[in-house]
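Below you'll find only one chain, the form predicted on its own, shown as structure tokens.
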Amino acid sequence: MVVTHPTTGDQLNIGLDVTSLPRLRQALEAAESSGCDFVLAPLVHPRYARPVELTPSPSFDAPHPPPIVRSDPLTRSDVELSSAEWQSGIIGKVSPWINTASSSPVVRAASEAAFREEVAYATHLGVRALVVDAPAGNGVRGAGLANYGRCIASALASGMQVASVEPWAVWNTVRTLCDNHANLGLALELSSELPSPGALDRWAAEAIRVVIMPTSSYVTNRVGYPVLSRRHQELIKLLFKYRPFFALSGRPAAVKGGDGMRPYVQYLAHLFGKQPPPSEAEAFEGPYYDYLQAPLQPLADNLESATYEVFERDPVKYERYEEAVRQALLHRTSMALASALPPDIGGGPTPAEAAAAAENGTAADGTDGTSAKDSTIVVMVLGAGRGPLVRATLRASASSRIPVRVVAVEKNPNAIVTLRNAALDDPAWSCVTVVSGDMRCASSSTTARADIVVSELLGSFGDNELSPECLDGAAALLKPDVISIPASYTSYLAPLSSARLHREVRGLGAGDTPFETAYVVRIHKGVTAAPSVPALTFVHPSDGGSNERHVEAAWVAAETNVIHGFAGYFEAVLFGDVGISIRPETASLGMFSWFPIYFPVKTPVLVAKGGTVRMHLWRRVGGGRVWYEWALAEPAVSAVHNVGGKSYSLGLTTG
């Protein structure tokens, strides 16, 4: 019986891992009576081990697989279950005696022949997957491990889903030998002692298909029920997000809650049912997990209505922007009030007094401050879209009781329709002027110069949607002492291990282009090898200098891992102490307007625990384009990716 979450409807598959199946249907019925919905079991009868005598090979370069001399069947008949029952109720296991990594040519040849036979039968049955034990002894290295990986690769070529049980270093070697095949997964066996949190994060980022949970990994609580330790609980809750199959193994202890495995199944189901429903951000992100998206071409492309609608639902971003505008209005007004007062030998108002007076709507000398406020603050929204920042500005004006004049500049003619209708229909927009056109060319369209400029031109990497070029191009619209929101933003980089994303990039086509493009992606099956570090910083208003940048970034790997590229994030200071961030270490909780950016590398590299990862990244500008170039410098040197923007660039021309 599949366990269903009471709120979300998500399903959890729990099964039994058994060593043999004398009666297949009875085993399935026993599993179902325990609350399980599948059995993890050997497909071939344990007595059907191949003899190890070899026939001579005519070429003498390799032994022949030994002939089958018995006339009895390989295993039970496939008609014992229906095709649907084989496919939904059974996950197969390769016979434990098979050792394709053996140093003995006799054992190895017999094992290879049996392995091929069992894979063929599993394919015939249509079982969900086939679990293969990891090589043991000398088989975990050298020629033995290579032969094991070759046999796994041959099984994958037949279309079989294979899950391998092995230590991480062995798993990584086998995965590489199998060319990171999409049908290769991991069967992760949990013990009573768990490795370090970093090692667990590394495992969780892998393609886990099956989680094997021995009853020995449980403990008995004070009242006699089987439970998991706190660390085990946290790991299981993390694994729930990846939806593997959970298989219980071992002998049940004498515990409360029922006979056999039922108490253990019920506890897993209990943990699953306690999982909170996804937040609004998680519900939004779910369909985009590990889905590669090309970054926006902000000047060449115009967003569609549905895209605007999605991003306007962000519950955090516009609250932060509203607070930043409110503080900027108070600051601007307090400075104006302070400068309007004559010098006083006894001392004028302090900045704090002026700010308080501005918030109360009075001058610092106790008057109504009318003369100081005759000049209404001009707030210019650059890239206004359908108006969410305009509305945030109007709310900030109302809450601070500081009147404003708003100029909304937008290049998308379709969004202009929405803005102009709002200006006609909403009385609160009576102070709003809508300007159609590229902000870099809008100086002839409006005579108002901005006291405060507000924009949401940021991309996943901060500057990757051309915020620096757009805001610099709008300098003619701004007063010399303009306040910019955001005031600054910094991109961050972290080395990323994600075989899943690397495989997705490779699937986009041949040649260099897929690996020389940066992608926006909600990283799900991936882990950073070290915390993120600062990369590129931009401050507004700028000093008019070059927007080209270069950074050499370095990290120390927390665990041995494979680097498949680099994850990029940003932090932005909107105004004062108000900011937004998608950097994992400082992320704005609940904000979903941006996913990380992914810079892939063509050839993944292995880095040892404590080893250095070093890379270079350049932001280049020229020929009406902006692009990034990047290269790995340590632990191996890679070619520079995207030289001259040959595969990926951002155009500076309005579409």
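Note that the structure is a prediction, hence the values are computed from the model and not measured. Residue numbers here begin at 1 and follow the sequence given.
This next part talks about the form predicted together with a further copy of the same chain, which is not shown.
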Inset, instruction - Heavy atoms, 4.5 Å, a further copy of the same chain in the predicted complex: which of 210 to 218, 511 to 519, 303 to 311, 288 to 296 makes the cut? Say which one. - result: 511 to 519
Legend entry - in the predicted complex, T176 touching a further copy of the same chain (heavy atom, 4.5 Å): yes
Legend entry - Non-hydrogen atom contact S638 with a further copy of the same chain in the predicted complex at 4.5 angstroms: yes
Inset, instruction - Using the partner position in the predicted complex, report whether A146 sits within 4.5 Å of a further copy of the same chain, counting heavy atoms only. - result: yes
Legend entry - Close approach of H524 to a further copy of the same chain in the predicted complex, 4.5 Å, heavy atom: no
Legend entry - Option touching a further copy of the same chain, based on a heavy atom within 4.5 Å in the predicted complex, out of D481, E552, D425, E585: E552
Legend entry - a further copy of the same chain: the contacting residue among K609, H45, R625, R614 in the predicted complex [heavy atom, 4.5 Å]: R614
Inset, instruction - Select from 91 to 109 the residues with a non-hydrogen atom within 4.5 Å of a further copy of the same chain in the predicted complex and write them out in sequence order. - result: R108
